[in-house]
Each structure stands twice: as structure tokens, then as C-alpha cells.
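Presented as C-alpha cells, the chain that follows is alone, the form predicted on its own.
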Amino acid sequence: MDLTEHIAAIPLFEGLPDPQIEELTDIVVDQTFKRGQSIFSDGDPATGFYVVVNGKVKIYKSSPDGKEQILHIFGAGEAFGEVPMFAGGHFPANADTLEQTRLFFFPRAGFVDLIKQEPMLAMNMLGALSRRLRMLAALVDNLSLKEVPGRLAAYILHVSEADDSPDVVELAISKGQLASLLGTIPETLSRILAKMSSQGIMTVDGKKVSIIDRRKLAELAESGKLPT
């Protein structure tokens, strides 16, 4: 696909007429990052936002002692950095690539001008921001109100819902990264995975997770605690 076709295929720009897609093509900056490369750091000016063309990006916060908390991992077709970009402030977290990644960067000034011209683009952005708000609300709920088994169960269910084979989930990140995303440590995560396997909820083979009992998994996601 050429640049225009890539942009037209992004869910955020779904339904836009061809002239607006062409205008987006005129302002986009096509970027490629190596694995482990920083895209922006906490506190950097938010001069625009990004869309993942391919690859993966982690958004995370770091404590003064170097502890890392992953907030979200974005994949192909997903946008990030829109909220601080619209506020005209600074990025509130760090963004690094997890593998070689191609990104489209949309500068704030040019994009805001397009929104003023095209109501459909404004509606699409509102939808994206609403989904981001729900995601952040779920993250706060998981980290503050649920124990780690519940967070893990909710994550597995979420990933399975977007998969073509919902009972077999291929984890896109390492177990260390998953532990950080869930607010725990790898050793604790390994113990929980082993217990869930012994209780017949799911099995784990490398990065492949097979859901054995979806009802129990859903109950665990709701209660947050593994039965003793």
C-alpha cells in the first residue's frame, strides 16, 4: 500500500472522504524506530500524536528508583498521544518501542486545522478519546481494586475477545512485560499462572495461553481472587 492507502486503513480515519485523506497524507511524518528506541519521554512537549502502522509501543511510567509500570501497549492501527496533544501540554509518560516499529506522526497544528474543516474527523477523535478514557478507568479499577489474579484474568479475556481463535491467546509481550503491565513481578505472575493451570482454568505454553474454562476465568476477573 502507498501512504494514502495506509492512512485510509487506520480505524481513526474511517469514513473520511478522499480529500481529507489526501490532506492527512500531506501533513503526516512517516517514522521508523528500532526495537527499544525511545519515542518520547515523560514531560516532553506534546507537539502531535502517533499511529502505529506496524510493531508495538509500550507506554509506561518510571519511579525515581527505576521501577517501571507499563500503562498500555499499542499495536497496529492504534493511536497514542492524542490527549496531551489536544491539551497542548506535555506527554505524561514515556513511550518506547518493543520491536522494530513504523509510526505515523501527525503534527498538532496541521491536524487541528483539519479537524476544524471536517466534522467526521472530530467525531472519530471523540470516539477514540472516549475509548481511551474507558481504558484508563479500567486500569485504575484493576490496579487499585483487584488482586493480581483478577487483573491477569481480565487481561486474558480482553486479548481473547480481539483474537480470531478466542480460546487460544498468543501473548504479544514477554512475561516480564506482562508482569509490569499488571503491576506485579515476574515471580508472582509465574506462581499465579501455575495455580490457574492446576485449577483447570487455562494452560500456558511459552507465549500461548489456552483457555480451558472461560466461565471460571470470567468469575476470576470479576472477583479478583483465586479459590484456595
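All residue numbers are counted from 1 along the displayed sequence. Quantities reported herein were computed from a predicted structural model and do not represent experimental measurements.
Below: the form predicted together with the DNA, not depicted.
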(message) Looking at 119-127, 101-109, 146-154, 81-89, which stretch has residues with any non-hydrogen atom within 4.5 Å of the DNA in the model of the complex?
(response) 146-154
(request) Please pick, from 187, 26, 170, 161, the one residue with any non-hydrogen atom lying within 4.5 angstroms of the DNA in the model of the complex. (result) 187
(request) Would you kindly say which of 203, 174, 47, 54 lies with a heavy atom within 4.5 Å of the DNA in the model of the complex? (result) 174
(message) Quick one: 35, 183 and 191 and the DNA in the model of the complex, is every residue within 4.5 Å by at least one heavy atom?
(response) yes
(request) Give, in sequence order, every residue of 39-76 that has a heavy atom within 4.5 Å of the DNA in the model of the complex, or say none if there are no such residues. (result) 67
